[in-house]
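Heads up, the chain below is alone and in the form predicted alone; it's given as structure tokens.
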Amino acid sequence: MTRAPRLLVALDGSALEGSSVHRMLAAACDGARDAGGQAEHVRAYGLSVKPCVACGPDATTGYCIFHDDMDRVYAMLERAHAVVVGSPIYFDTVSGPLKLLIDRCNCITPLVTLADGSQDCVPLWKRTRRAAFVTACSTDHRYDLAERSVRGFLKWVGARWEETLAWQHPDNEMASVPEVLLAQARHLGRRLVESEPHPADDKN
């Protein structure tokens, strides 16, 4: 039986098409396609997404009480074999539109009422997806705090962070990411798609 092509979903938090982050994500998508997989490059700035309103336990039987462009994002993430999140660093974290998307994924591990009446966050998806983070920022700034947020998000949507590609640069030039890093991003996309899913019972 022929296996369906594996899907890599690239969540792009860059405001500018053609930026360093955008180019690294595009390269990761190219690598996934080179490996026989599929790739979806989702630009957060192009989505119409309402902010999360913390609707509480047992809010809905679906993913979210709202229905907007996130419905398409949920469907892609559910089907994804791999997820790559990319963003420039804004005030030590990811960009606003990407953060809206991330917050709306709270419902992938929703707060629910259990049979004994207690409440807990229960994941809807097994944590089998492979994942990475790509970013660009000034050499004078750090990206580890943004990485921490992204890693928390990836865990919440059933993925495991594996590595970060960071372009720290002293200039203010758009798309200054070097070819060597684009090659690494292409290799990353290929590797993520070619690798087997993480075991469903992996607790790490």
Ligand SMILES: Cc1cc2nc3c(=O)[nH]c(=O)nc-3n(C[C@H](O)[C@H](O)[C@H](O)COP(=O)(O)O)c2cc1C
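Residue positions are given as counts along the sequence shown, with the first one as 1. Bear in mind that the values here come from a model prediction, so they are computed numbers and not experimental data.
Just so it is clear, the following notes concern the form predicted together with the ligand, a form of the same protein that is not shown.
S.K.: Only one of Asp71, Asp120, Asp103, Asp92 comes within 4.5 Å of the ligand in the model of the complex by heavy atoms, so just point that one out.
M.R.: Flagged contact: Asp92.
S.K.: Within 4.5 Å, heavy atoms only, which of Ala185, Val21, Leu192, Leu11 is in contact with the ligand in the model of the complex?
M.R.: Looking at Ala185, Val21, Leu192, Leu11 one by one, just Val21 meets the 4.5 Å heavy-atom criterion.
S.K.: Just to confirm, Asn172 within 4.5 Å of the ligand in the model of the complex by heavy atoms?
M.R.: Asn172: contacts the ligand in the model of the complex.
S.K.: Would Lys155 show up as a contact with the ligand in the model of the complex if we use heavy atoms at 4.5 Å?
M.R.: Judged by the heavy-atom cut-off of 4.5 Å, Lys155 is well away from the ligand in the model of the complex.
S.K.: Can Cys137 be called a contact residue for the ligand in the model of the complex at 4.5 Å between heavy atoms?
M.R.: Flag for Cys137 set to yes.
S.K.: Determine whether any heavy atom of Arg148 comes within 4.5 Å of a heavy atom of the ligand in the model of the complex, and answer yes or no.
M.R.: Taking the distances in the model of the complex, the answer for Arg148 is no, it never comes within 4.5 Å of the ligand.
S.K.: Among 125-133, 84-92, 110-118, 71-79, which stretch sits within 4.5 Å of the ligand in the model of the complex, heavy atoms only?
M.R.: That would be 84-92.
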